[in-house]
Each structure stands twice: as structure tokens, then as C-alpha cells.
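Given next, in C-alpha cells, is a single chain: the form predicted on its own.
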Amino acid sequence: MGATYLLEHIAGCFLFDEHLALVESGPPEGKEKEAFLKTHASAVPLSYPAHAIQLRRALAAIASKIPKGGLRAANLARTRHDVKHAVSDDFLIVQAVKSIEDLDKVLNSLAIRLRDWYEFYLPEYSVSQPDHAEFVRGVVETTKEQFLSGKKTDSFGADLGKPHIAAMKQFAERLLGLYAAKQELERYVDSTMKTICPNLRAIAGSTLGAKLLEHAGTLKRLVELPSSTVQILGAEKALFRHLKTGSRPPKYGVLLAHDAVQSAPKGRQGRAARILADKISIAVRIDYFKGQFKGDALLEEARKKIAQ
């Protein structure tokens, strides 16, 4: 008996004899497909370009077996399945970190607006509290009298009526809700990073690691990037400016926020970012291929090398 050939097609699985005559067919997916393939495991799988001629003959043989409109329906079903199962945790992390960045921008703008508004009433408090989140919390929790009694001074602010003060406090309460939402997102990013990228999280931290994923797009794409590209992720504008105008190339991108880079002398921060990017490239490969946890050891190696 001659060789048999197997064709996996979107419309189903098809078995052919040595003359490329259709012998048997199976379903396109599911456990029944797995059983069909297992039964005919000895058949030669048809693939392009190794079996270009046989494939043309095989496709011609099954053309009449596919019902009218069946190929379109099969393509739609496969596309629906692929889109549904294409969503992975790294996609969700990217969206979450983008949401955090959007919240940061909104909160900064609204906190500044609240400061401008509240300074008509109590300018001394705004000056004494530079942190936006603590300032907003103080607007809600501290009265003018409490603040002034602690400072033992008078205020240059106007004596506003209760409706005006209540409006400012209500606005501040809404901002506190946004700060709480940001913290919840940060906890979600941290827990998800700990699950899918423990080594990257150990080296870069959850927020910085998530930003690297954001700039790369996916964990797979981050794995494929060379460490020299990882080093300057987030500095794309500076890189394009260098390529276009010949200006100095960027030495780091979002990695500048890492404490190991921040603590390095100004002239050696580029070197620190390069060393850190090398270790991050190793870490993401371990995470992607589900290797053992080595994040802490990799971070220690990076710190020792940066300190030399």
C-alpha cells in the first residue's frame, strides 16, 4: 500500500491515498479532530512548499465536498475563535497601565484646578502642601479654622459662604475617588505582573515593567527586541530626531525611572540603563518560556555591575 496524505484545512481534515484521491474526512476542530489526526498519525501532512503539486490536487479534490457558503462560514468561525483567544494577560496589563497614565494626567490637571479655586479661600494651605493627593485629602478633612489654629496665623483668603466651601469639598471628594481608582489599578497591575512576568517585575518593578510592555506592545514582542532597543523604549521621539537631524542619540527611555539608573552619576546613567536592559532581556525570556524565577539574582547582578 502506498503513502497516505493528510490535509488540515479550515473546512475540515482530509485523508488522501497515494493517488491523491479522497479517502476520508474529519471535522475542522474539537476533540473529534484530535481523534481523527491521532488515528491517521502515520499519514504525510501536506504543507507548502514541500508538497505544492500534491496540495493543488488535494484542494481540487475537496472543492466539491465543501457546501456552498461553507468556506465563508468556516472562515468566520475560525476568525471569531482566533480573535476571542488572542486576548492575553499582557494585553490587559497594557490597557491598565495606559489607564493609569490617563488618570495621572487628569488628576494633575484637576488637582491644579482645585488649587486655583481653593486658594481664593485658603492660599496658605495650598503653599504648605505641594503633594496633590495630600492637598486634595486635606481639603476634604481639614477646615480652615483647624489649619490656621495649627499655624497660629491669619489667612489672606476670602471669607466664603458655606455653599462655596461645600462645592470645593464635593469636588475634592470626587478627586479622592479617582485617586482610589488609580491605586486599585496599580494593585491589579502588580498582581497580574507577578503572575505572568515575575522576573520582569522583580527587576523593573510592576509599574516600570508594565510600561516596557506598553511600549513593546506584547510580552512576545518584548522578548524579540534586542537589549539595545529595550534600553531606549519610551525615547522614540528622541531616536527619530537623532535619525532625522543627527542630534545625539538617546541613552535611555523609561528605564531612567529605575532607581539603579537614578542613583548612578549623571555621566554613567546611560551605562546603567544598558546593563539593566541586558538583565531585563534575560528576565522577559525566562518569563515568556516559563522558566524558573531568577529576578532577584538578575537585579543583584545588575546593581553590582553598575556599581563597578
Partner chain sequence: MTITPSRIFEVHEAQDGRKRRLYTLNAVPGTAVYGEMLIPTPRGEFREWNAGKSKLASYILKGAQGIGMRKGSSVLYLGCATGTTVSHVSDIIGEEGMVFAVDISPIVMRDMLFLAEKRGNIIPILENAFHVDRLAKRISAADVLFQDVAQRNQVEIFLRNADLFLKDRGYGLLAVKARSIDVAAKPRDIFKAVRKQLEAKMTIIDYRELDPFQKDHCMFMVKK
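Nothing here was measured: the structure is a model prediction, and the numbers come from that model. Rigid core (definition): largest C-alpha set, two forms, superposition within 1.5 Å. Residue numbers count along the first chain shown, from 1.
There is another form of the same protein, the form predicted together with its partner chain; it is not shown, and what comes next is about it.
Enquirer: Check, residue by residue, if E8, A63 and K244 all come within 4.5 Å of its partner chain in the predicted bound form, counting heavy atoms only.
Expert: Spot residues vs its partner chain: full contact, yes.
Enquirer: Within 4.5 Å, heavy atoms only, one stretch in 256-264, 271-279, 24-32, 55-63 touches its partner chain in the predicted bound form. Which?
Expert: The contacting stretch here is 55-63.
Enquirer: May I ask you to choose, among R80, K105, K194, R174, the residue with a heavy atom within 4.5 Å of its partner chain in the predicted bound form?
Expert: The residue from R80, K105, K194, R174 that makes the contact is R80.
Enquirer: Give me the residue from A167, V127, A86, I112 that has a heavy atom within 4.5 Å of its partner chain in the predicted bound form.
Expert: Of the listed residues, the single hit is A86.
Enquirer: Does its partner chain come within 4.5 Å of any heavy atom of Y179 in the predicted bound form?
Expert: So Y179 does not count as contacting its partner chain.
Enquirer: I'd like to check something about L76: if you look in the predicted bound form, is any of its heavy atoms closer than or equal to 4.5 Å to a heavy atom of its partner chain?
Expert: Looking in the predicted bound form, residue contacts with its partner chain include L76, since a heavy atom lies within 4.5 Å.
Enquirer: Is L71 a contact residue for its partner chain in the predicted bound form, using a 4.5 Å heavy atom cut-off?
Expert: Yes, L71 sits close enough to its partner chain in the predicted bound form that at least one of its heavy atoms falls within 4.5 Å.
Enquirer: Can you work out whether F91 and its partner chain are in contact in the predicted bound form, taking contact to mean some heavy atom pair no more than 4.5 Å apart?
Expert: Because a heavy atom of F91 falls inside 4.5 Å of its partner chain in the predicted bound form, the answer is yes.
Enquirer: Relative to the superposed rigid core, does the CA atom of V261 travel 2 Å or more between this form and the one not shown?
Expert: No, the C-alpha position differs by under 2 Å between this form and the one not shown.
Enquirer: 2 Å or more on the CA of S47 between this form and the one not shown, with the rigid core superposed, yes or no?
Expert: Yes; that C-alpha moves by at least 2 Å between this form and the one not shown.
Enquirer: Do you see a C-alpha shift of 2 Å or more at L239 between this form and the one not shown, with the core held fixed?
Expert: Shift at L239: below 2 Å after core fit.
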